[in-house]
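Just the one chain here, the form predicted alone, laid out as C-alpha cells.
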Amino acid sequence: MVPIVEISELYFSYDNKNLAINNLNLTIYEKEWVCILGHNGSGKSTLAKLLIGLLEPLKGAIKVNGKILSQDTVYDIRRETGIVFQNPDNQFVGSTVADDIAFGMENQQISREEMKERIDKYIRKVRMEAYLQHEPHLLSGGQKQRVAIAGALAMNTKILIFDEATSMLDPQGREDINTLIQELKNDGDKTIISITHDINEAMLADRVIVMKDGTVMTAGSPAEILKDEALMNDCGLDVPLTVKLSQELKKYNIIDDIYVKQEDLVNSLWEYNLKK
C-alpha cells in the first residue's frame, strides 16, 4: 500500500495551553476509505482543518502525496484535497447549483468546456441534475450536501474529506450520503477520509481510526474496532446494535437455547447490517 497522508508527532492548541491535538501519528493509504471516529472534543474535526492548512500546528509534520504541508505548499495540497463540511451553507457562493459547482474550477482557470463537462458528470453522479439551475439555499439538507460533494468532486482531487458531513441530516439523508460515499469508494480512484461519530458510517469503511483527547487510540478494521465494547465505552462512543443484541441474548441464555454460538450470531448480524 502507498501512503498518501503521513502525520508524525503532531501538536495543536487553540489557546496555547490545552492541546487539541496531542502527539498524533497517523498514516492513510491511497484509495482506502478511512473513518476517523471520536466523541465530540476528541480532536477529529481539528485534524481535518490541519490537513488542509486552515490551522497551523504547534509542531509536527503533515505530508500529503509526498509534499510536506507548509505555507509554500498549502495551495498545492488544497488542489489535491477536497473537503465537505458539516454545514454545506458555509460552502455555497454561487447563485445557482451550477454556479456553485463551477466556482472552484474558475479559481483554477479551467476552460469553460472542461467546466461544463465536469459539472454535467458530477451533478449526475450525485443525482441532482434536475436542480442544476436551482438556488442552493432553497434545497433540503441532504440535497445541499450532494451539491457540496459535486463541487468537491469537480475539482478532481485525489483525497476527499467528509468532516461530520452527515451529522445535521435526518436518517434518510445520512443513508443517502453514506450510499454515495460507498459509490465513490467503489469507483476506486480517491482516498476518502470520513470524520464522524456515526457508528453506522464507520461500519462501512475499510479502516477505523479512533481518537480520544487529540490522539489516536487505536486503528483497525470496523469489525475489530466496533466490537470492542470496552474501547468504545472508554472513548465515549456507542457500540453497534448488533453487539448490544448479542450481549443481551447471552445475558438471558437465549443463544445457548437456540444452539447458536455468540461469535457466529454477531458475525451474521454484522453482515446483515452491511447488506441493508
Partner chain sequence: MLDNIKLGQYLHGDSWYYRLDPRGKLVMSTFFIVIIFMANNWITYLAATLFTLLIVLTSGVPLKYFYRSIKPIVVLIFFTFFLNLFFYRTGTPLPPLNIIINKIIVIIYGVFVALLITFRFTKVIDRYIIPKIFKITTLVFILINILLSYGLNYTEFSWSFHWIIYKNALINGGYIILRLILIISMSSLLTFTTKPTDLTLAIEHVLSPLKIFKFPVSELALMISISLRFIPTLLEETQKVLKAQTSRGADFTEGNIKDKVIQIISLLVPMFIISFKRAEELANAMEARGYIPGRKRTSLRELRWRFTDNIYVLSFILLTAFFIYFRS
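Numbering follows the first chain given and starts at 1. The structure displayed is predicted, hence computed values, not measured ones.
As for the form predicted in complex with its partner chain, it is not shown, yet the points below apply to it.
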Identify whether its partner chain in the predicted complex is within 4.5 Å of every residue in the set Tyr122, Lys125 and Glu201, based on non-hydrogen atoms. no
The one option of Gln71, Asn186, Thr179, Gln109 with any heavy atom within 4.5 Å of its partner chain in the predicted complex is Gln109
How about Ile192: is it within 4.5 Å of its partner chain in the predicted complex, going by heavy atoms? no
I'd like to know if Ala98 sits close to its partner chain in the predicted complex, meaning any non-hydrogen atom pair within 4.5 angstroms. yes
Does its partner chain come within 4.5 Å of any heavy atom of Lys67 in the predicted complex? no
Report yes if any heavy atom of Tyr131 sits within 4.5 Å of a heavy atom of its partner chain in the predicted complex; otherwise report no. no
What are the residues of 82-108, in order along the chain, with a heavy atom within 4.5 Å of its partner chain in the predicted complex? Ile83, Phe85, Asn87, Asp89, Asn90, Gln91, Phe92, Val93, Gly94, Ser95, Thr96, Ala98, Asp99, Asp100, Ile101, Ala102, Phe103, Gly104, Met105, Glu106, Asn107
